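Just so you know, structure 1 and structure 2 below are the same protein chain in two forms, each on its own as structure tokens.
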Structure 1
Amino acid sequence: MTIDLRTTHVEPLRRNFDHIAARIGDDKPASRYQEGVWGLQPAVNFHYRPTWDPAHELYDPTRTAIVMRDFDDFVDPRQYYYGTWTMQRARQQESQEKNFEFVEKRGLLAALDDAWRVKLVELVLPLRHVAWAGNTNNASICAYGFGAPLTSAAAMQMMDELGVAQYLSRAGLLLADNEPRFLDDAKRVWMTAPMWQPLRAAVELSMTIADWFELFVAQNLVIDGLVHPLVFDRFDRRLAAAGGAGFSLLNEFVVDWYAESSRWVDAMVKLAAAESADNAARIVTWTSDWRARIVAALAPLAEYGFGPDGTATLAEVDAGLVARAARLGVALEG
């Protein structure tokens, strides 16, 4: 008896869905990311004008002044959908857990000078409240935004900001031998210390922004774009030089996440600005207004963290934001 094995190639009748084929052609298979975000935004069905906002439909592209030919153009350069995002964050969490274990096991924070410990409590730990505001603001972008590529990424950004807040909280617990007293102190500073009230007021004001793309610019480009380089880069360098390198290990996720998320933020702003001159002008106005507000709010914190070098350090961070915006087609003065 002879068995003859043969390979048969079956040519598929179609390689993707019609709405995907309209973008990439019908002879090219779509990625899982493309299938997961394109055409997902409700635009016809399940539409009505809610009683809480009768001026808009439930899913309405006019909730922002930004006008796009197609909001599905807001493609995440990271190509994150739920599966790839969770796998990446799981790997990062595993690495971060090892960092916490290493710092605690070796007692790397025990020898930290008391003056620097106080600065950590009063300058770094209150940022967990800023990160919580980032969580809330990106939840608003997800809720009121238009176009699944952007709103789905905003949902991931929302949870990432919560992760930043949680890691800062864990760092505060580790500083105090797993007692909550430093977190209580940090909250009291956030609520009452004069140096924090300008930033607290600005963050709370951001949570009232109705235009979701202005909120995107204010939170993800300006607030994060000034706070993270100032604290988790410049201040972290000073802390490490003073013997606080162990705390840098606790912030590894925060640093890596900011660098990664900035790719997404930059791509969204650049695309919207390139769409039309009107879009670019609005983004320039929003960025300029929020940049001025946040730079002024950070001035007392920079002075506290860097002493006589505070003004120059903040100016350096601000110049970095201006250069970053210029690369995105957003020309700022100064």
Structure 2
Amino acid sequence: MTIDLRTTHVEPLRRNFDHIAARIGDDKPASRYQEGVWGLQPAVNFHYRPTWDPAHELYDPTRTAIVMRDFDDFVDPRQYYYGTWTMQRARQQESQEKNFEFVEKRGLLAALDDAWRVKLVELVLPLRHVAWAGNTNNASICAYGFGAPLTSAAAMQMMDELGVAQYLSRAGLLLADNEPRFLDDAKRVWMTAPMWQPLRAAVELSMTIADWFELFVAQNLVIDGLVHPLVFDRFDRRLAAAGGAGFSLLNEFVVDWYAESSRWVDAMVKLAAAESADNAARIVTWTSDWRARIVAALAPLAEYGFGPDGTATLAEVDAGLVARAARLGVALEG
């Protein structure tokens, strides 16, 4: 049986804004994602040159060597506009909060022996600084990039990286009964321990990259694409086997976020590479350069984390990046 509800019906004159209809027609209404990103960035008639970069317009497609017919093609496969993004992160936040409580209440990290605890402090906690660089670099991509679809997602990535850095900091506090000593230790090794210096130098170098798409590749594809699998997957498994499974619970957000944001990163790189042979060639060069730099920088850390298996583990993670890049149309040397 159907219930016949009567309401006022008013025939709409149109369904979509003109610039949206130009993309998808006016037969069906746009999604809130499409409405929220397409055409949002001003396109022409900029009044003044930036005093901080007089060589470019305020919004300027030539701040990258990547050439696109339409930068609004960079749609996010997650379809994140602010509302969907923040609601998704709030759900993850809630579950992560329970994990923190659970680990603390059950003393799940108490069983970890001192040697492993030191490794955790010296290998995992310094990554809060790497995530902070990820925050800074995605701020650049948002500020100097072109087209609202990509730059709005970069703003979310910027805040997500800050979230990652803060969750790692909370883990460090929890390990030390809410004292900052482990975070202090982690910062000290980040600043002075020889094994961290190549990575820190590479990260500082990344913060000077002028081309925002190169920065996208360096930060989101290569740095995160090597660091996360090495530490939050491979090392996390070792730690779990040694009685540190509680630590995985503290990183649930980080792991889920990496998997999810990788879908976005992949879609951007794939689209840019598919646009033209020139784009693909540039992306290959950038990815190769940064891959070589970051793999070399991670070698001493892999050795520290995995001992004699370090070289093989890093090679495995590196092969994962090569395979991932190949799926995106970016052919790297194996």
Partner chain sequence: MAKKLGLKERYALMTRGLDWEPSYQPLDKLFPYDSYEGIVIKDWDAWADPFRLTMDAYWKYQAEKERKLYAILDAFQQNNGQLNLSDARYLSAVKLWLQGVTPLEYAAHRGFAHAGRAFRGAGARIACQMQSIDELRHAQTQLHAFSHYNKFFSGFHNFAHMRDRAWYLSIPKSFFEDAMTAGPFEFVTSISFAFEYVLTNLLFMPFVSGAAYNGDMATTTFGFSAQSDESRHMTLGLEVVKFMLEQHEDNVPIVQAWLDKWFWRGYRLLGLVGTMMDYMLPKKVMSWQEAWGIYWEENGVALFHDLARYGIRLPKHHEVAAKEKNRLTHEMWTVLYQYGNALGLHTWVPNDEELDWMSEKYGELFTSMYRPRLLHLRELEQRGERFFNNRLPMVCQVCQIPVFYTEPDDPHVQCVRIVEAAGTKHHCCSDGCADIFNREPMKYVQALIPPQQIYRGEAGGARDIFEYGAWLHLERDVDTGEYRGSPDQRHWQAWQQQHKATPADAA
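Think of the rigid core as the biggest set of C-alphas that the two forms share within 1.5 Å after superposition. All of these numbers come straight from a predicted model, not from anything done at the bench. Every residue number counts along structure 1's sequence, beginning with 1.
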| property | result |
| --- | --- |
| Selected structure - criterion: the form predicted in complex with its partner chain | 2 |
| Core-aligned C-alpha movement of H56 between structures 1 and 2, 2 Å or more | no |
| Cα displacement of R32 between structures 1 and 2 reaching 2 Å, rigid core superposed | no |
